[in-house]
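Here you get one chain, nothing else, as structure tokens; it is the form predicted on its own.
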């Protein structure tokens, strides 16, 4: 028996219960059905539920399985989690870090700091098992339901077939009590890299599968390693071609070993063989327990498009990247952040359904950016030719001595939120202010006199006036648009939003992306930018 077989489930979060739909005489229609109970599916259901829509989430499991899986969650993901009502618990449980070290053999090449500046509510990264990330989302759903949301999660409800139509999708579901049917006005597939929904629709999933495998091991031990990201190229302890070490909560340490391509997976997952590798790394002097392990293969793939009529794809079902760089879960969680507000406006009739095409446009761009970075990381980690290996080793040698070479070292370009460079849903940039908060970039957090900027943004469009007065609320294009006037401007806020300008006005989308910015408030210009953002001016493809 291998490690991953020992503990089939960590938390039974939503045990199977018979639903009224199973006894209905005809299939019941649901406005939104989410397929998949992973972090992306739960975040999708939670975001739409908080916006007032009834959501049904279907999961073929009853909770979350054993093993940490995704563990590194970036600042932008934590900001989204705060908006969804789960951020405080994640920060309290997670291991905060912002520094990393890169080694070659036994020599440290350099160290780096991912958040050297102050004035952010959330840290650069936390390490938190996907088990707990999912658990905290379920608890946030329970709190939302207590506050009148209508989000239902059905465990042990497996989708066996779908029949997409123009206005609804028929869904065949199997349960411990037998099969039944429902209908979905909108179906969102968050059912993972092996997506059954994608296969049922005969849709492709194209890209590269790299000739390498990595062993992930969760090791429970008490150790005095620093709370940092440590990465070795060709480590002196010879447990793999490269290795990665991260601290997690509850005295769990994640260790990754690069195994190569032609391996016997079953043999490598045997406890004695995993222990041999860990012992070589730790020197046989540290007592530990093996908590969980698995093997993964580098893959960089995506669908041709994510929107197929009223069936939408998000997370790993839509795109997949290699784990190094923490781009999988962090990019995935930005899919529902982008999708939910657009589907909300379409469901309410405030925007045309063609607005969903901009979800395709923007998240395809994000997927391509992540795949590009992940592919480059993989090629640097696993050079396929002798010449490329010599080049890689030369870069490592130079980086140990010269600062200019360090950006060329690629042990995984760590996740950053996507900038939707010059895409169609964004408006004018009428002032010369810092590039980091330009239109099509996410709003950057900053300290205010009474908290942090992102905490002041609601779930809709917001107009922010820095050093200039803004109406506190307006109705524009049928939408409630909040206004936020900021007179007391901290040095960090000035540096991020004003630069040398005396004042500035920003229009922020519900997903906290900057739509447009101006030197002065002008309701007509704001209305025009909102029309563009919600697809009413036909600029969305």
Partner chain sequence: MSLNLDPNLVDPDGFYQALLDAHEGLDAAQSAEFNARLIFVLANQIGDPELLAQALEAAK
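This is a predicted model, so every value here is computed, not measured. Numbering follows the first chain given and starts at 1.
Another form exists, predicted in complex with the partner chain; not displayed. Remarks below refer to it.
Taking the partner from the other structure, the partner chain in the predicted complex has a heavy atom within 4.5 Å of a heavy atom of residue 407. The closest heavy atom approach of residue 420 to the partner chain in the predicted complex falls outside 4.5 Å. None of the heavy atoms of residue 365 is located within 4.5 Å of the partner chain in the predicted complex. Although the partner is absent here, residue 225 lies well away from the partner chain in the predicted complex, with no heavy atom inside 4.5 Å. Per the 4.5 Å heavy atom criterion, the partner chain in the predicted complex is contacted by stretch 373 to 381, the sole one of 181 to 189, 315 to 323, 345 to 353, 373 to 381. Judged against the partner chain in the predicted complex with a 4.5 angstroms heavy atom cut-off, the residues 387, 391 and 403 are in contact without exception. The listed set 102, 171, 395, 252 contains one residue whose heavy atoms approach the partner chain in the predicted complex to within 4.5 Å, identified as 395. Only one of 413, 301, 120, 436 lies close to the partner chain in the predicted complex, with a heavy atom inside 4.5 Å, and it is 413.
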